[in-house]
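The form predicted on its own is given below as one chain in structure tokens.
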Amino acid sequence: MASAAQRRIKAISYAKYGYMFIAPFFLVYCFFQIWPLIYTFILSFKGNQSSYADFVGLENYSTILFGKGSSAGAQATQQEFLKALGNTFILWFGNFIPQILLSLLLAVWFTDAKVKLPGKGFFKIVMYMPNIITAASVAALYVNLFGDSKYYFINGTLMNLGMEEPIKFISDPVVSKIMVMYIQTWLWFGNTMIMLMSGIMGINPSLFEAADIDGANSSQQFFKITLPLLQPIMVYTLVTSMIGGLQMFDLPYLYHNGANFSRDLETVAVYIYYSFNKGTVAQANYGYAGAASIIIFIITAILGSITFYMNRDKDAIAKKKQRKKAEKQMKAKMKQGGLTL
């Protein structure tokens, strides 16, 4: 047994060096993330335009959510924000659902040992390549391909094939939304496919071998083995897509011809940008922009929490409850017997 002197010797701890290595990240994070978030929260309680330095409480929230406020254009401000919020959810859902379905299909196909597809590596690279192109470049590419007039490539080709009128790919409110959804899907499905492939490749192959021996077909293996074990990576994909989708800015903002931006593609991020970008400080709606930022932050936090709650490990939670219950019963028995832990 160790002597009392040996027990008094303090063990050397190297934890402080770990904190020193991670300190630069947290310092940068606090400066560029935490402080802007705090300042945005403060800004949401300030006035707009010439009264931007005044404290107005919850008036900005009341204006953009319910159209109630002291400003003359409260109703118009509310309608614009709610439309931007609706556009944000429409564009996010419209690109996430086909993106996850296509990515999951391709991930299963590329990782299936039974599918002898030549050039799998080439196809993976080609499908991932749009993800490394900046959204601004992609928006410029599609604007020049899908312009509204016959002088752009797609409409010119269709009219040469016999179509009478050019399709309004940009100015039509419905078609433009579909185009942005398609571009977002095209941009991100390769990245999602790679993540899902990594999740599938992490599943123990013996599970699939046992399923083959038991006579399970491909569909049964997918729904009974692959999909349940992909739950963690699916949750990660959903949360990251939700955060990116609710903050969508570049494509909706850049997908237009000329200097006039289409309000039919206005998202909350674009609304915030236009609230700030009013020419001069005296014209900017800083309060509305701050309130809109906090609202979208709260919505993201709520949806993320719901997602994690619905996808939690119910078996682990049940076992934890049983363990706590057993510990309480044990403590109660020991207390009745006059013993202590």
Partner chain sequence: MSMKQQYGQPKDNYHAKIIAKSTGIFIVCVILTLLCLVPIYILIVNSTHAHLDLAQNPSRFWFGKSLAANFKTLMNDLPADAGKSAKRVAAQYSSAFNVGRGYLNSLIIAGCTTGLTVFFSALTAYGLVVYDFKLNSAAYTFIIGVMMIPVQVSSAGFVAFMYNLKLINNFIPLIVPAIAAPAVIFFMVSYMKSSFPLDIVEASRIDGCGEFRTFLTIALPMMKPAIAVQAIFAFVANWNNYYTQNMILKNEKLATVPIMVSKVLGFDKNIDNGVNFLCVTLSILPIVVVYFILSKFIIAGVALGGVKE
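Whichever C-alpha set is largest while still superposing within 1.5 Å between the two forms counts as the rigid core. Residue numbers count along the first chain shown, from 1. Remember, predicted model here, so these are calculated numbers, not experimental data.
Only in words, not in the display: the form predicted in complex with its partner chain, which the text now covers.
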Has each of Asn191, Ile194 and Asn277 got a heavy atom lying within 4.5 angstroms of its partner chain in the predicted complex?
yes
Taking 4.5 Å between heavy atoms as the contact cutoff, choose which of Leu106, Ile183, Met234, Leu91 touches its partner chain in the predicted complex.
Leu106
If you check in the predicted complex, is Leu102 within 4.5 Å of its partner chain, heavy atoms only?
yes
Is it the case that Leu65, even though its partner is missing from this view, gets within 4.5 Å of its partner chain in the predicted complex, heavy atoms only?
no
Using the partner position in the predicted complex, report whether Thr226 sits within 4.5 Å of its partner chain, counting heavy atoms only.
no
Within 4.5 Å, heavy atoms only: does Ser206 come near its partner chain in the predicted complex?
no
Interface residues of 19 to 33 toward its partner chain, as seen in the predicted complex [heavy atoms, 4.5 Å]:
Tyr19, Phe21, Ile22, Pro24, Phe25, Phe26, Val28, Tyr29, Phe31, Phe32, Gln33
Comparing between this form and the one not shown on the rigid core: C-alpha of Phe66 shifted by 2 Å or more?
no
Determine whether the C-alpha of Tyr39 shifts by 2 Å or more between this form and the one not shown once the rigid core is superposed.
yes
Rigid core superposed, CA of Tyr29 - does it shift 2 Å or more between this form and the one not shown?
yes
